[in-house]
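One protein chain, two forms: both are listed below as structure tokens, the first as structure 1 and the second as structure 2.
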Structure 1
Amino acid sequence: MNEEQQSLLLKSYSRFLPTQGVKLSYGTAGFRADASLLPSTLCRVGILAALRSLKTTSVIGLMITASHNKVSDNGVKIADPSGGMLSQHWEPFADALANAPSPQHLLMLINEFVEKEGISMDGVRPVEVLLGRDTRPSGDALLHAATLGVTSIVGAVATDMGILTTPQLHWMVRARNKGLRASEQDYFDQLSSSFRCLMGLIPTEKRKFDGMDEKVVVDGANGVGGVKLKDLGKLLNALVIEVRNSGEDGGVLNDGVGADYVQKEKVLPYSFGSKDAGIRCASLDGDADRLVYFIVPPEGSSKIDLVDGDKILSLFALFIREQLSFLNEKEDEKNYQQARLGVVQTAYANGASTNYLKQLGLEVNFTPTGVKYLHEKAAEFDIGIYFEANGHGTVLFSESFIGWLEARNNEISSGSKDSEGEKAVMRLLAVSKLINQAVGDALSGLLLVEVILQHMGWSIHRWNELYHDLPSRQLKVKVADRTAVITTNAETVVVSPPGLQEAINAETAKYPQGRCFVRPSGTEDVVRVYAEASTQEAADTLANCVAKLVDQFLGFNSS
């Protein structure tokens, strides 16, 4: 590291001194905390992003958001060249950099890491970081800190992409690194044109809903997603989107609104009521990477029928399976190898959804909790679908399968488009462009749900009847050291302490349709307990009994 580089880094350190006594850890959500604690962290993540750009010789993204957290919080996460999450290999360096206690320590960390990674800091290679932020009031100040961090690496350029949803920034990073146009308008154009293509391929006899109108009412969480959805909706002719809680009327971000609130509390968000009974309703989270639907009950009840990420996954899987079946019927075995479709869930997926997917004959895979694990597994398939119950998920298409679809589509363009096999090619190609290939995206997900419901001729009520969730309960047990619990098999089986899993099995066997697992939290000093059974009373009892077992085996106090 030359003197110019050292001087720039020392200058950035002095501008944003770390808050004493605060230690942050980079996880699935990146760094997240009260916004007042984060200027130093944002500056250092800017450094990290620039170094990542140097290492990968690619454009990197830096998103400033705290998603579904309260408005006084903020956070930051990195988008890798693929548009996905920061490589797990770099997470320990992110932690060390954010928590470096002195300028000398910061320089030492960077020197050691760039040497280990073989990163040249000669200022010759192009370095670019795209920065985005949501609508939080703290975003501008944190953007300034992040920009200073990026430009403290010699030759690095920080490009402010403005106020965006998190998935928009990830999409832009992926597009830039594929040599494609990557403005916000390009994002809107790709989604709207793909949506129109799919609408045009709906069978004539299914052009109307089962007794439903063309309107969907969306809770925007008073965040960035509501504003962007309004802009996107202007490009759609066949769908009316009414956005409430857009944040433009003074509503508070994530306060009694948003997908996280709706999914966890199972109650109506603000501004929804009995007048909305029978209408398709949906909710985005604060940065628009989660989506859930819900049904407003008759007058007199605040509870809702939740149509969560598990049911979104099931809807997508049904549609894609149907299209693949059309291909399998028509294609010559010599030039077409059946595409492998895989579904990926975590143990928190409701057991009823898993049973339903398996009954369809689909390959269901499980990973540990966390989007990075789900995404990685889904990428192993020709088409991989993953969703968490909270509404975060997407559909991934392999490059080889997209290449095959494009080649077949080119052949179709000059010939007949009448067979279902040919239409299936066009539908799947349009889905690959509509759904965000980089990360879960509530806007693209909502459009895909809407077009599939129209394709099926289904109301939201028909969709919700695919299966009925088993009653469940989640609890947590306070611990002194959560690492004392070690799990395997996608966190569903305890291997330490010895004997605990056997005790859980014995307790679970007492309940019809019983299922229970425990896992150490990734963020708190607690062990989490999840239980399902045929009745809510049984699920509650099972969860409480297993929480007591955890306490007995580990000597902790439950709460």
Structure 2
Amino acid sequence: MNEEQQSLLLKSYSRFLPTQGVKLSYGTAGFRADASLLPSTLCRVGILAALRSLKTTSVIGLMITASHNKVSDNGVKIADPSGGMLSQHWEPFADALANAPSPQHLLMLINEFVEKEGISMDGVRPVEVLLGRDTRPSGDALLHAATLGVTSIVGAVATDMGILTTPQLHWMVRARNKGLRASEQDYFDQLSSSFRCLMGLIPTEKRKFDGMDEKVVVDGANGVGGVKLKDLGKLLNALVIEVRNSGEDGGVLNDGVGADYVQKEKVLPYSFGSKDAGIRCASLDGDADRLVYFIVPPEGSSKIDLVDGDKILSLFALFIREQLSFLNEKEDEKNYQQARLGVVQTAYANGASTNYLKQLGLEVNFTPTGVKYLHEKAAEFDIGIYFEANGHGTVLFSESFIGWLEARNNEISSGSKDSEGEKAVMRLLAVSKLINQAVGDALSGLLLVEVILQHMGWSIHRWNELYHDLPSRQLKVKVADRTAVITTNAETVVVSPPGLQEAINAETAKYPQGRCFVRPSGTEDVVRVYAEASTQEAADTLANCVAKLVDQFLGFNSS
């Protein structure tokens, strides 16, 4: 590293000193903490993003958000060149950099790392980092810190993309690296034009039907998603989107609102009530990468009917499977190789959803919790659909299948567009453009749900009836050291401490349709317990008994 480079890094170190005694870790969702603790972290993540850009010779994204956390928190995550999450093998470097206690440490770490990774810091190569932030008041100051970090690598450019949803920034990074147009307007144009295309391909007999409300009412979590959805909604004439909790009328981000609150508590968000009984409602999280739907019950109850990520996955799978069956029927003569469709869930998926998907004849895969694992698995298929129950997920199309669809679509453009096989090609191509290929995106997910419901001629009630969730219960247990829990088989089996899994098995066997697993959380200092059984009472009892077992094996008084 030359002198100019060294002095730039030292300057940025002294500009944002780390908070004594605070140790942060780049978890599944990047760094998150109270915003006041983060300026030095943001500066260092800026440095990391610039180095990642150097290494990959691509544009990198840096998103400032703490998603569904409270408004006083903030956080930062990196988008890799594909628009996906930061490569896992850089996470230890991110941890080390964020926690470097002195300027000498920082320089040593960077020197060692660039040497190991073969990164040349000659200031000649183009380096660009796109920065986005959500609506948190601390975003501006943290953006400043991140910009300083990026530009402390010689020749690096930090481009402020403004206030965005997390998925918008990931989409822009992906588009830029593919040489495509990548502004916010381009994002809105792509989503709205593919939505209109899909609407235009709805079978005529399904265009008018009973029982479906014209509008969807969306809880924007008082965050960035509601604001962006309003802008997007102006470009869609076939759908009425009413946004509540858009944050413009004084509501507090994620406070009694948002997808995380609605999914975990199963209660109505602020500003929804019995007047909304029966209509189609949806909720976004604070940075709009999660989406759940819900139905407000008739007067007198604050509990909701939750239509979660598992049901969104099921709806997408049904529609895509139908389109693929049209291709299979019609495309034999065109050297069509059957596309492989796979779905990916985690152990938190309700067992009823997994049974339903298997009954459809689909290949259901399981990965550990965390979008990066689901995404990686889904990318193995021609079409891979992944969702976490909490509403984070998307649909991935392989490059080769997109290539085939595009070639067929070009033939169709100059010929007949009437058969279902031809329409299926156009629909699948439009889905690949509507749904965010970089990361789960509540806005594009919402548009896809809406168009599929119209395509099927279904109300939200009909959709919700696809299957009935098994009663379930989630609990958290505080333990002395959560890293003492080691699991295997996509986190469904405990291998350590010895004896715990056997005890869980013995307990679970007592309950009809019982299923239970425990795993250490990646975002909180707890062990999570998930239990399912044929009745709510049984699920509650199973979860409580297993929580006690966890406490016996790992609690503060365990030996």
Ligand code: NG1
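Just so we're on the same page, rigid core means the largest C-alpha set that superposes within 1.5 Å between forms. Nothing here was measured: the structure is a model prediction, and the numbers come from that model. All residue numbers here follow the sequence of structure 1, with the first residue given the number 1.
Legend: structure 1 corresponds to the form predicted on its own, while structure 2 does not.
Core-superposed comparison between the two structures: CA of residue 547 displaced by 2 Å or more.
When the rigid core is held fixed, the Cα atom of residue 29 travels less than 2 angstroms between the two structures. Superposition on the rigid core between the two structures places the CA atom of residue 490 less than 2 Å from its counterpart.
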